[in-house]
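One chain comes next, on its own, written as structure tokens: the form predicted on its own.
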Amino acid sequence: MKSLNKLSYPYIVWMTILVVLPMILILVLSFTNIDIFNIGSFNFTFDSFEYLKRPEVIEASKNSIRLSFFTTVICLFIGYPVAYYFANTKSKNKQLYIALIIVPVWSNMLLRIIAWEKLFYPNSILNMFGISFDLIGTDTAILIGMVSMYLPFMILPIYSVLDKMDKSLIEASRDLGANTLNTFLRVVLPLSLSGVLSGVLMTLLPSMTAFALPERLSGGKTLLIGNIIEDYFMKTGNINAGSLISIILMFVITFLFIGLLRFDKEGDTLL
């Protein structure tokens, strides 16, 4: 077995170059005034923390929390019934239905965003059917886009748990006199909470940090925290402040996933 450990060396090198070193660089940028394009002398400083008080950062943070919350709630209310149906259906096309949920995830996200963008303009292909939308620049457009993008990440973890659930527990509940509603509330729902939690995290986190989707569907009117990071890195050149915000988000994401792993120790719901 020790000889097989050598097979992990390429992976370790790969992860070090693409993950560990960039994270160390971002951490250094967060607490220094170093200019990455003109590296010279630099000092450790907390000046970047002042940017956290800026109005655009505060507003973007509020927008991220608000829109990601509604996106997650909508995905949960749509995704749980869909996952429940797929987990309990006797249809021979069950695997096909699951594949149809996964297939859109394989396509380029930016192309799907642009497709929604074209439909949300007053002049679109929908005019052929007498339908016209004028949603660009609204929160509604962002919510529709986010729900369509992240709904599979809500459905699949819940489906995974429901599909593996011991069906004899449901039968026992029925035999003891519980009706359908009580069986769901007291047996099915508690046993599927690990899948719900996983789906919530896998929907909440990407929707909170999205930047391409709100940029296209809001016409630049609604900024999320991902847009602020992009602006600091690509437009204003304030890489130090952008790095600090990125580090904070990474710590939040890490703590949330640690919490998930503690709740779901077997890791069955992580995709």
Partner chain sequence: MKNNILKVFTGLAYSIIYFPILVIGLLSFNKSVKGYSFTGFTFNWYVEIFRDDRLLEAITNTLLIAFLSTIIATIIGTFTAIGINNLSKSSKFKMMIINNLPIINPDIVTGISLMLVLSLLPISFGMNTMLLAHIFFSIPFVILTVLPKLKRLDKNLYDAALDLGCTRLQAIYKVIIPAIKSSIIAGALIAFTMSIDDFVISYFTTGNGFQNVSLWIYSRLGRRSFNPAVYSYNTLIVFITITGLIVFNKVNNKRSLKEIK
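Residue numbers count along the first chain shown, from 1. Quick caveat: nothing in here was measured; it's all calculated off a predicted structure.
This next part talks about the form predicted in complex with its partner chain, which is not shown.
- Contact with its partner chain in the predicted bound form holds for all three of Leu29, Ala99 and Ile144, each having a heavy atom within 4.5 Å.
- Not displayed here, its partner chain is kept clear of Glu59 by more than 4.5 Å at the level of heavy atoms in the predicted bound form.
- Not displayed here, its partner chain is kept clear of Ile158 by more than 4.5 Å at the level of heavy atoms in the predicted bound form.
- Interface membership of Glu230, defined by any non-hydrogen atom within 4.5 Å of its partner chain in the predicted bound form, is confirmed.
- Though the partner is left out of this view, Gly177 does not reach within 4.5 Å of its partner chain in the predicted bound form, counting heavy atoms only.
- Contact with its partner chain in the predicted bound form, judged by any heavy atom within 4.5 Å, is made by just one of Met109, Ala172, Val73, Leu191: Met109.
- Shown without its partner, the chain has Thr209, Phe211, Ala212, Glu215, Arg216, Gly226, Ile229, Glu230 in segment 206-231 as residues with a non-hydrogen atom within 4.5 angstroms of its partner chain in the predicted bound form.
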